[in-house]
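There is one chain below, alone, in structure tokens, taken in the form predicted alone.
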């Protein structure tokens, strides 16, 4: 139960931060990526502020060795940079650049009821399931 409560609190804080900083607005993201046009550097400030807050938190959790809920910290699945990682990163970046959404802001944008956010989330879930099906066939 603590795990659900902690997850809900963390998710609510993350979504609130995204909404307050304007990151749920696709135009804000698209203007950040438009370096030769109407460039808006404020997304870099948001990312920097997130690092300032999260790095000490992760360092503290690493020293503690456990999550706030008492679970062991999961280790990264792999530290190898391979073709699959590069392809997935490229597809993520292309999708982000086309729509102005990445998964967190898209989910937070559902609270606004914006139809483009709904379309993005449905497409994101469909892509995730497609990869799961492809990976199942590879095993």
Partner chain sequence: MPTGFTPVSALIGGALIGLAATWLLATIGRIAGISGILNRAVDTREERGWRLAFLIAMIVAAGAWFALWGASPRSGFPWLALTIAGVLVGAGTRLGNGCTSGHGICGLARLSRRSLWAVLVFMGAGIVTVYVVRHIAGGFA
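Positions refer to the first chain, counted from 1. Worth saying up front: this structure is predicted, and the values here are computed from it rather than measured.
Separately, the form predicted in complex with its partner chain exists; it is not shown, and the next lines address it.
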Inset, instruction - Spell out, yes or no, whether the shortest heavy atom distance between residue 65 and its partner chain in the predicted bound form is within 4.5 Å. - result: no
Inset, instruction - Give, in sequence order, every residue of 15-29 that has a heavy atom within 4.5 Å of its partner chain in the predicted bound form, or say none if there are no such residues. - result: 15, 16, 17, 18, 19, 20, 21, 24, 26, 27, 28
